[in-house]
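In the form predicted alone, a lone chain appears below as C-alpha cells.
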Amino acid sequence: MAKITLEGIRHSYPSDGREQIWALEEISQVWEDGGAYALLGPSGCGKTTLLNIISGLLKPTRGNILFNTDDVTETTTSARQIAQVFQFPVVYDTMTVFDNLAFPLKNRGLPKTEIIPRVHEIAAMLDLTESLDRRASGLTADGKQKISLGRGLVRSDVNAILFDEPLTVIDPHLKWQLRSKLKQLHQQVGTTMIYVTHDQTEALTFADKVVVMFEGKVVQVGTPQELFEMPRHTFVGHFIGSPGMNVLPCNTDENGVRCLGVSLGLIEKQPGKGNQLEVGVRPEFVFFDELGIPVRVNKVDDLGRYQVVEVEADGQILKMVVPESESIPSENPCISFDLDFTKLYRDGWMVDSEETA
C-alpha cells in the first residue's frame, strides 16, 4: 500500500504546433495510505487522464508522482505495483473463475499452497465461491466485473487499486449491491483505492474523501458532508446534490450582502470591485417564513419523503426541499435562508469568513 503524492502535475496533449491544450491544470495533492478516494466530475474534466498518470499509462507533461517517498514518475505500471479495474470487464472467457482470479498470482510464480487459499478468500468476499469451477464466458456482466475486481484484490503486494468507472455496464438494480460491496471490501483489505466516476451517488457511497474535478482542475477535496454543507466552488454546489445548490447574483452595501432585494449581512466589508458576486444556498436550507422574501410558487414535485418546490423571486428561480408533512402556503408565500449554510462566492470561489472580517 502507498501514500500517493502528486507534485505540480500538469498534462497536455499534442497540439500539432498550435496553442498547447492542457487536459490537467496544476494539481498538487496528498492521498493517504489506505484511503478510499473518488475522482468525481463530468466527462472531459480530466479524471481518467489523472488516473492513467497515477497508474503509469501516461507520463505527465510536468510534475512528479511519489508513492510513499519514492519518485515513480519515470517508472512503468508494473514497477508501480498497481492494479487497475476498467470500465468494461477484462476476463479470460475460456478460463474458469478460479483460474481468472489465480492468474495474477500464477504470473508471479507463487506456489499453489498460497494461491488456493487466497483465491478462495477473495471469492468469498465477492460471492463467487459457487462459480469458481464455471467458465467465465457463462457469467453475466456484473459477474465478470466481480472477477475484474477480484483480480485487483487477490494480490497482497499492490500499492493501490484504481477503478475507472467500473459499474458503467452493470444493470442499475445491481449497482447498489456492488457499490456497497466495494465499500465493504475496502474496509476488509485496507488497500489505497481510487475510484473514477461521474456519478455522485457512486462517489459519495464509496469514498472517504471525494476529489471533485472541473475543467482539468481539482476544485475541492472533502468528505461527502463537507462537499454538501461547505461547497468551496459553485460547480461543487451545482454538481453534488439533487437538486443542486441555488446560485443567485448579489451585491454589497454598507450593511453587507444584498440578495433578492434584502440584506443578508453575510460580510462586513465590500470585496474588490469588478468581481462577480453570488450567494449560494442549497434547497435543503431554504424554508417558508412569513417574515421572509416574497415569492411566487411555480411548481411542486412530490417525491414521496419530500417535495421539491420551485419558487421565483425578483426574476430569479430557486428550488426548495420541503418535508412531505409540511404544507405549501397558498397565499403570500415568503422564504428565508438558513444563514449558517448560506455562502458568498466571488468568481465562483467561496469567500472565506476570515477574508471578510
Partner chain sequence: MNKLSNQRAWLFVVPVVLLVAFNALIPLMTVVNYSVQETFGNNQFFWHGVGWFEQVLKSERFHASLLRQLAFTTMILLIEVPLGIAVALCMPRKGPWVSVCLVLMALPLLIPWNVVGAMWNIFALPDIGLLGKMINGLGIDYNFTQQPVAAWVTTVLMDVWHWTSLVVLLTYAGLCSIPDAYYQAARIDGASGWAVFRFIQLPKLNRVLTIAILLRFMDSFMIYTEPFVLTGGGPGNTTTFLSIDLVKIALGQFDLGPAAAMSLIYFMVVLLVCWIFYTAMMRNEGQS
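All values reported here derive from a predicted model rather than from experimental measurement. Residue numbers count along the first chain shown, from 1. We call the rigid core the largest set of C-alpha positions that still match within 1.5 Å between the two forms.
The same protein also exists as the form predicted together with its partner chain; that form is not shown, yet it is the one meant from here on.
Checked against its partner chain in the predicted complex, the residues F103, F214, F285, F228 give one hit for a heavy atom within 4.5 Å, which is F103.
Taking a 4.5 Å heavy atom cutoff to its partner chain in the predicted complex, the contact residue among V119, A207, A83, V279 is A83. The shortest heavy atom separation between A141 and its partner chain in the predicted complex exceeds 4.5 Å. Proximity of T73 to its partner chain in the predicted complex: non-hydrogen atoms within 4.5 Å are absent; the residue sits far from the partner. Its partner chain is not drawn, but in the predicted complex it has no heavy atom within 4.5 Å of V169. Within 4.5 Å of any heavy atom of its partner chain in the predicted complex lies no heavy atom of V297.
Comment: 88-96 is the region of 244-252, 170-178, 231-239, 88-96 lying near its partner chain in the predicted complex, near meaning a non-hydrogen atom within 4.5 Å. Contact here is defined as any heavy atom lying within 4.5 Å of its partner chain in the predicted complex, and by that definition not a single one of G34, N64 and T201 is a contact residue.
Using a 4.5 Å cut-off on any heavy atom, the residues of 43-78 that reach its partner chain in the predicted complex are, in sequence order, N52, S55, G56, L57, T77, S78. T75: CA moves less than 2 Å between this form and the one not shown after rigid-core fitting. Relative to the superposed core, P104 shifts its CA atom by 2 Å or more between this form and the one not shown.
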